[in-house]
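Before any questions on binding or motion, here is one chain by itself as structure tokens, the form predicted alone.
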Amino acid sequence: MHLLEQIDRWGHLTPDQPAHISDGRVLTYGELLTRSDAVAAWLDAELCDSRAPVAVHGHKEPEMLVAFLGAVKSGRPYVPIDISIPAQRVERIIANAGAALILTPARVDGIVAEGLPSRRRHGAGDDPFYILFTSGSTGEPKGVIITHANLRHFVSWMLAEQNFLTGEETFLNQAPFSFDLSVMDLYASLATGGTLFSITKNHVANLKELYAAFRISGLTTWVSTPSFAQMCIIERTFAEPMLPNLRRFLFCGETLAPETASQLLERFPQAEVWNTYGPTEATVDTTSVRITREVLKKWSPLPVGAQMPGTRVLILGENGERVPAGERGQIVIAGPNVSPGYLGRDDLTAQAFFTLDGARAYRTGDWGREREGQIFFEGRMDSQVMVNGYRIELGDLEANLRALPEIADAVVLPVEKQGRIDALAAIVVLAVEKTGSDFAFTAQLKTRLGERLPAYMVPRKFLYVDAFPMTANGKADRRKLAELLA
């Protein structure tokens, strides 16, 4: 059955079941069905034969889900853009996507009011379902194309592995829809007739409201980055009495620390803890493992698990050869969940994607190794890092720093704490004379940078130097610069 048909089925079978709850607003499956049909009909009338992507700009309003499904029902992929992304970057994403138009929650409401009859297209397996823009090394965001077949393979695996209870699950939506972690909770929930419970920026800004929301949420499935869970653990009442129905934690986006998993097992003895791994280019996740007390005793750091059925995860050497078990190499993913490539970037696609034994394959750029059938992630091979679950190209951030008139050159380095990347630090050569205190000047630069980039990409620390130490081949010596941060 087509994924959209799976979702629409709940609109007929359980029309009054909540599909999405966000800031007290409830969207039922019946409303999701009729309203997404109306958006699909409007897009057909407005865009005629164009199959250009549709940008959807908002936060976690119910209208976002209506727009997503409406776009796909009309045969067009959607491009999710969260309101936390600065205007300049939004403009570049829309331009790079070649978006036909932008749907906002207010615009969706207006379209629904027109009530046009729907014509269904749905799209075939190789057609794009959504396009997610990630950080690019040149300072330009790059769009990862995920097809209907990619998403179907991922969702089928999730449903088979986790055995979600049909119509009885409530999924936590922590990540913005522009971050691919949200795909896990969004489509696992909609495919099984569950309820998606969104945590908005207002909850995160007021932790008392966050915990109050948890108490009334009825959550059964927790989907988040490990960092978000670790933040919640600081609250002593974050335990089973707060979330008595919780059955499982699903983590992705960054390294899961053994200490975090251990504390969750202690506080939520009835819930399972799962660690997963996968890049956006391979549709959210590719490996998974349940973290039990036995796993915690055996492994540190923790494994990211075994490959999903139908997909291969290989550890390859410099020349593309399989390395012996236990040795480090590049993680390569091959299978039906691998993206066809980057939108409009044949050069980048050719560098990262290839065919392996007849299957689409992706070079992740991640170090890893295999032990006893388990994959272990061991960091990035290049300048890409994960900070609080967000994938950031250091080259992207450095390019945006250099674009500020006050900065002549910049190097960005990760700052580690307890074995994980905790923050970013910018080491800067100025193009102007610094005025006022370092604190005030840095605050000004952060504000300027925040106009160009999402908040999670803005370095926490700035260090000013007259010139960079250089290596023998004429590049900034990052090793010596890192010593300045010690």
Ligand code: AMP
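Residue positions are given as counts along the sequence shown, with the first one as 1. Keep in mind the model is a prediction, meaning the values are calculated, not measured.
Beyond what is shown, the protein has a form predicted in complex with the named molecule; the following relates to that form.
Selected contact from 214, 164, 238, 179, since only one has a non-hydrogen atom within 4.5 angstroms of the named molecule in the model of the complex:
When the named molecule is considered in the model of the complex, the option within 4.5 Å is 179.
Work out which of 349, 192, 276, 104 lies within 4.5 Å of the named molecule in the model of the complex, going by heavy atoms.
Looking at the other structure, the residue within range turns out to be 276.
Based on heavy atom distances of at most 4.5 Å to the named molecule in the model of the complex, which listed stretch, 349-357, 88-96, 70-78, 179-187, is the contact stretch?
Flagged stretch: 179-187.
Mark residue 304 yes when one of its heavy atoms lies within 4.5 Å of a heavy atom of the named molecule in the model of the complex, and no otherwise.
Output for residue 304 is yes: heavy atoms within 4.5 Å of the named molecule.
Residue-level contact is defined here as any heavy atom of the residue lying within 4.5 Å of the named molecule in the model of the complex; does residue 380 satisfy this criterion?
Result yes; residue 380 sits at the interface with the named molecule in the model of the complex.
In the model of the complex, does residue 253 have a heavy atom within 4.5 Å of the named molecule?
Although the named molecule is absent here, residue 253 would touch it in the model of the complex, with heavy atoms inside 4.5 Å.
Partner proximity in the model of the complex: residue 280 to the named molecule, non-hydrogen atom cutoff 4.5 Å
Taking the distances in the model of the complex, the answer for residue 280 is yes, it comes within 4.5 Å of the named molecule.
Knowing the shift is 3 Å or more, I'd like to know if the C-alpha atoms of residue 347 and residue 383 are closer or farther apart in the model of the complex than in the shown chain.
It is farther: the C-alpha separation of residue 347 and residue 383 rises by at least 3 Å in the model of the complex.
With a C-alpha distance change of 3 Å or more, do residue 55 and residue 398 lie closer or farther in the model of the complex?
Compared with the form shown here, the C-alpha atoms of residue 55 and residue 398 sit farther apart in the model of the complex, by 3 Å or more.
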